[in-house]
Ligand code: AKB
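Below, in structure tokens: the form predicted alone, a single chain.
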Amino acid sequence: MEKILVTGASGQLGAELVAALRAKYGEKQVISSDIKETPNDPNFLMLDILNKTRLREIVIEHKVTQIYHLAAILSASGEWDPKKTWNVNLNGLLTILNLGQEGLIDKIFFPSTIAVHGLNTPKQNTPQFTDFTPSTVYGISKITGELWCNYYHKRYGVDVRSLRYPGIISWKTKPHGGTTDYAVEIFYDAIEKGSYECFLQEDTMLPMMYIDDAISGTLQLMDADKEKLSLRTSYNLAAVSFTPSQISQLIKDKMPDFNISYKPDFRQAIADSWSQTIDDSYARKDWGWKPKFDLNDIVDMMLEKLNIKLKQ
């Protein structure tokens, strides 16, 4: 029977991944962990990912078989303290890979990101294999993490799997510290204020994905036959690409009084270094990836769910 540990479980992706894993494996089979406590979760454990001793204790005591390692400092937040971001994002991963090398855990998931791309990366239909010169310490840490994952698999046989997520759009947990956060913030402000000031230019196109697609893609990859996986760095993953202008117009179609203004900040330079559309053919070929939600679906779901949530 699988026993799963999710690090960074209080974040935007973690909260919903924990719920999906518990629905699949059972409530008590999935331990959530973070440096801040999740209320009303009897299967939560406090864990600083840099505390190697405590992490090892949890793995051994609870007989953990899989780790979904989500704990990280994100792109925009990471620029305020690059050394701390490097320490958290890399050394936590290396500790977990070492546990895999020792045979203490069977399978590891490591999330990568479009932040591994840089100014020299092709912006349209970005290929799986391309130039990686990220402009943020977050992106640098993630591409380095991909290479470590590949190294541990090739040299030690560690079963580690990874996805390069685009921006993730979710209504349950508000994101913090990311460059694609506008695509969630815009819905909150549309409902609560009737307007939104965007920190990116109106024509900034970025790859995005609805949370349900992100979760299903993650579980599909982790369930895939390991013999069918041709990549142990990280799979490109794509769903939709759009600009602030495009998503705001769809919101305005539903809420005619909604207005958007633009005040680009330092995150504009980060966004400009990332891809606009992505080729995820390896994921489609190797393990049958296919997204379900287009931009119209996302707008409908976010407005519907947030209208309920914010009026409770």
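Please read all numbers here as calculations on a predicted model, not as lab measurements. Note that residue numbering begins at 1 and tracks the sequence as displayed.
One more form of this protein, predicted together with ligand AKB, exists but is not displayed; see below.
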{"item": "Contact residue in the predicted complex, chosen from Leu74, Leu221, Ile215, Ile140 - any heavy atom within 4.5 Å of ligand AKB", "value": "Leu74"}
{"item": "Options 223 to 231, 184 to 192, 108 to 116, 152 to 160; stretch whose heavy atom lies within 4.5 Å of ligand AKB in the predicted complex", "value": "108 to 116"}
{"item": "4.5 Å heavy atom contact, Gly167 to ligand AKB in the predicted complex", "value": "yes"}
{"item": "4.5 angstroms heavy atom contact with ligand AKB in the predicted complex for Thr179", "value": "yes"}
{"item": "Trp274: touches ligand AKB in the predicted complex, heavy atom cutoff 4.5 angstroms", "value": "yes"}
{"item": "In the predicted complex, residues of 183 to 204 near ligand AKB [heavy atom within 4.5 Å]", "value": "none"}
